[in-house]
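Just the one chain here, laid out as structure tokens, in the form predicted on its own.
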């Protein structure tokens, strides 16, 4: 608790922050006779409004007659939308950390906390990972208040609820659990909020920290939490009955329940013709499948099943691999390993150097390796093709890369039998995953007939009368006939 001594209270604040240089203490005389001080964290407040809305009014206003000085300052002097009287030290520190400025007065055990927050933020812009041809180009930013406003802008109803939570012993990161009352199933909301409440960690700097705790199978290769950087996508998922988790400091918003087929959909699908959207979804599914099994099939054919290759093609391949010191299995593994190194290096290099590195790695090194007889042209083409196809589903790139390696090993060890066994095992494992009441492969496994209008096929919005039945919700009707 605070004391009536201004000097003691200021010393206590400085000591609590270990005399950190970004804790600003500005002493002045308010109402012409009362010793006062304003305390704030540098860089977190709007200094222009602090001068015009706090310091100038307090210094030039007449003193209170009978009212308590803090109540008088809040009700009649301070020109801010949110100002309140506080006396608990922990609450005052929390407000300071959140960008409030705090006004201390002599001979009083309470202070005035004023919301003058102005953190450095960037303006909403088109996300680099979710570019669109048609449709909204706004994207989430690192400020949670801005992100909440972007969702409110699209869902103007009091039924949209943002439950405030706080995670992290040191970071005190703000988290908002967002859902639409009357659509979402209450059990899903309760399960998500309970998991977030039980997180005991020193700090949270990104939404991926929260995502790890929301997954039911934490050691699974496959991700179980949806993500998006676009407010229009989050708004549409909320209207389907999902829950969004917004984390301060991160432009990535989490969504639950999550099903695998979400990553084969794109926001462009909803701003183009249904026929075009259906074709693109089939293309993404085909690209992901080829990216996973093609290297394994190539190795299996070259080692065990070369008799199925037409004789002219077989002669051409045999001529191209003649003199290669590595077996087809080791050759493909070497090229995959080389491409992964180039990928990691290009990500961490500066933008323009990364572009040059990609050109050098893909053209010069690849061409040189072929001419030097280290690798064959068919193997390079196969691995490069699968690398390109894996980006047809960007959110599943890491999973596709892992499965490509697994199926390459299976094809090299057991041939087509290994690929078939691996495919059956993978399908069975995916069917066994259930995520917040939603089967992971829904609406394909199990087959949900009414959800096929927005799955492999994209039907017009006029025919999507009900919400998805692949996961629980309490209001199935979305369109009046």
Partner chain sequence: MDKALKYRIVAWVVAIFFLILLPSAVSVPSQLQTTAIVSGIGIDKEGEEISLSAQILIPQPSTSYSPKSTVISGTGKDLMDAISAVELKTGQNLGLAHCYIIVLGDEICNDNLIETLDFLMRSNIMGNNTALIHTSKKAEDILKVSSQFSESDINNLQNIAKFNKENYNSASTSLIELFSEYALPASASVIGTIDSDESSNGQSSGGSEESSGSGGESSAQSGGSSSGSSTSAFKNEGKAIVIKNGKKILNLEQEDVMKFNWLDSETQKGNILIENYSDKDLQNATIGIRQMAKRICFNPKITNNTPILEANITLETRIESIENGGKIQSSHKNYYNDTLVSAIKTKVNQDIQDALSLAKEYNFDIMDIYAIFNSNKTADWKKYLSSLDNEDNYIQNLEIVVNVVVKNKE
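Quick caveat, the model's predicted, so the values are computed rather than measured. Numbering follows the first chain given and starts at 1.
This protein has a second form, the form predicted together with the partner chain, left out of what is shown; the following refers to that one.
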{"item": "Non-hydrogen atom within 4.5 Å of the partner chain in the predicted complex for each of 302, 321 and 409", "value": "yes"}
{"item": "Proximity to the partner chain in the predicted complex, single hit among 76, 307, 122, 197 (heavy atom within 4.5 Å)", "value": "307"}
{"item": "In the predicted complex, the residue from 329, 209, 270, 264 that sits within 4.5 Å of the partner chain by heavy atoms", "value": "329"}
{"item": "4.5 Å heavy atom contact, residue 374 and the partner chain in the predicted complex", "value": "no"}
{"item": "Touches the partner chain in the predicted complex: residue 177 (any heavy atom, 4.5 Å)", "value": "no"}
{"item": "Touches the partner chain in the predicted complex: residue 41 (any heavy atom, 4.5 Å)", "value": "no"}
{"item": "4.5 Å heavy atom contact, residue 315 and the partner chain in the predicted complex", "value": "yes"}
{"item": "In the predicted complex, segment of 249 to 257, 163 to 171, 227 to 235, 294 to 302 with a heavy atom within 4.5 Å of the partner chain", "value": "294 to 302"}
{"item": "Residues of stretch 412 to 439 in contact with the partner chain in the predicted complex (4.5 Å, non-hydrogen atom)", "value": "412, 413, 414"}
